[in-house]
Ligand SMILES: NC(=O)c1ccc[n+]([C@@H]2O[C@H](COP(=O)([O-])OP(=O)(O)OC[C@H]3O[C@@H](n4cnc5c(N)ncnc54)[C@H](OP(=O)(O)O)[C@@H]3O)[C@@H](O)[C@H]2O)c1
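Presented below, as structure tokens, is a lone chain in the form predicted on its own.
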């Protein structure tokens, strides 16, 4: 593990799934970690313990990103604890099936607040407080498509895709803003059907991916300092069909 501290990375939704893996990877690469979580306190504490064993500092920050006030204060709290914060990874997300036209807009608001408004707020605060840094947004390989059973989710990821590009123009050269769009990497959660095997047979590479593929993309974006406004679609070609 590198001995030199490269800075601090705030990773949202880092108590589980890809956010957790990104936080662990960045710690191994020499970053201190500001680990955001909401309900998954046990997972956050377990990750914190593992990162501290690497010899890296890791602090936990609990916030409900669906609440605007908590999203607004999160980065200020991180900046106070870690004045050297220079990486923001917006990976927190919700993914619930639905179609347009619901009378109850609760699900729409939840997707919008967590998947788009929170990354927007955090990126704006990052750009305001950080002299030089890098934002990586987790988008989705299906953000280029229009047919879906996850209408509200997909709308927020489409917005995040365009925001990534607009923010790169707005805040360059001091702040680079890029993204990663994962395809079939992890199995669905919350009892949603796992149809990855069927779908994988229909895409150009005919197989699912794994978290290592996403971590490779994150590392490439960190190391290539002439990239901004780019979104790496890591999906085995699924978005092409």
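Positions refer to the first chain, counted from 1. Small disclaimer: the values here were computed from a predicted structure and weren't measured.
One more form of this protein exists, namely the form predicted in complex with the ligand; it is left out here, but the text below deals with it.
Heavy atoms of residue 18 reach within 4.5 Å of the ligand in the predicted bound form, making it an interface residue.
Residue contact check for residue 65: one or more of its heavy atoms lie within 4.5 Å of the ligand in the predicted bound form. None of the heavy atoms of residue 151 is located within 4.5 Å of the ligand in the predicted bound form. None of the heavy atoms of residue 175 is located within 4.5 Å of the ligand in the predicted bound form. Across the proposed site, 7, 117 and 132 without exception lack any heavy atom within 4.5 Å of the ligand in the predicted bound form. This chain lacks the partner; the member of 78, 92, 167, 87 within 4.5 angstroms of the ligand in the predicted bound form by a non-hydrogen atom is 92. With the partner removed from view, the residue among 186, 60, 50, 205 that has a non-hydrogen atom within 4.5 Å of the ligand in the predicted bound form turns out to be 186.
The stretch that touches the ligand in the predicted bound form, counting heavy atoms within 4.5 Å, is 153 to 161, out of 79 to 87, 167 to 175, 153 to 161, 120 to 128. Along 28 to 66, residues 36, 37, 38, 39, 40, 63, 64, 65, 66 each place a heavy atom within 4.5 Å of the ligand in the predicted bound form.
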